[in-house]
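We begin with a single chain expressed as structure tokens, specifically the form predicted alone.
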């Protein structure tokens, strides 16, 4: 079974539920406020661990030498994530301030904290472990030079590179040349191709264009529109989303990435649909990591044992 290494961020999320997002200069009242484990790297690692049947999931990153850091490490371990690659730095643990409105849509402000302290040396020290994995999963919440070094080492050792360039800061097309599987949302896809991406047709066009820039496989996530896919062999398709009651979209993209990494490395023909189903279940629950479904739950949705269907 596949072994997945995730290199990325670990955060504590501060989640505020509001009726509607504030306009510039406006103050709104939150109905509830709570803390929950997050960070794109940690979320994707948990998603991979829960999606996997027997494979191992390794996380490489950093937390701070504080109470949050200790709590997050324990939560990762409980979720089956190998944390030997997570170092504790003399910094504050990363934090994300998440605001979720009544429709379940979110806005997020990230405070890097210890995530900014992950170095190339850290990656190189862990290389002997992660080059044994089937795939390495990367985002964009740790320093660019660290992500780039991880990509280089993976490519040198024949490890598949899945890159999810979020948030869109400091990214360039040169990194696409080191990417085997690219997963982007509509905004990220539009950034790279220079035109809007709004539906399945434009998503497929963008995915095909992005394949010419380096990746062998490109997936464009379209929210309620499902996902668009293209690869260097000329295959293209749109997989519809499931129609589900939306509670909170936080972490849905990370759930998709982790589930897709596992399913693709397993060689599942329904890898896209499996990941779409996992993300659909995630939006029916509050939070990021706590909302990620197990493999069994995702299989039940795919098998029609849950009363929701593709849109």
Ligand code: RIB
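Worth saying up front: this structure is predicted, and the values here are computed from it rather than measured. Numbering follows the first chain given and starts at 1.
Unshown form predicted in complex with alpha-D-ribofuranose (RIB); subsequent notes refer to it.
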query	finding
181, 110, 73, 171 - the one with a heavy atom within 4.5 Å of alpha-D-ribofuranose (RIB) in the predicted bound form	110
One stretch from 45-53, 273-281, 31-39, 260-268 that, in the predicted bound form, holds residues within 4.5 Å of alpha-D-ribofuranose (RIB) by heavy atom	31-39
Any non-hydrogen atom of residue 141 within 4.5 angstroms of alpha-D-ribofuranose (RIB) in the predicted bound form	yes
alpha-D-ribofuranose (RIB) contact in the predicted bound form: residue 96, any heavy atom under 4.5 Å	yes
Residue contact check: residue 292 to alpha-D-ribofuranose (RIB) in the predicted bound form, 4.5 Å heavy atom	no
4.5 Å heavy atom contact, residue 251 and alpha-D-ribofuranose (RIB) in the predicted bound form	yes
Heavy atom contacts to alpha-D-ribofuranose (RIB) in the predicted bound form at 4.5 Å, residues of 63-90 in sequence order	none
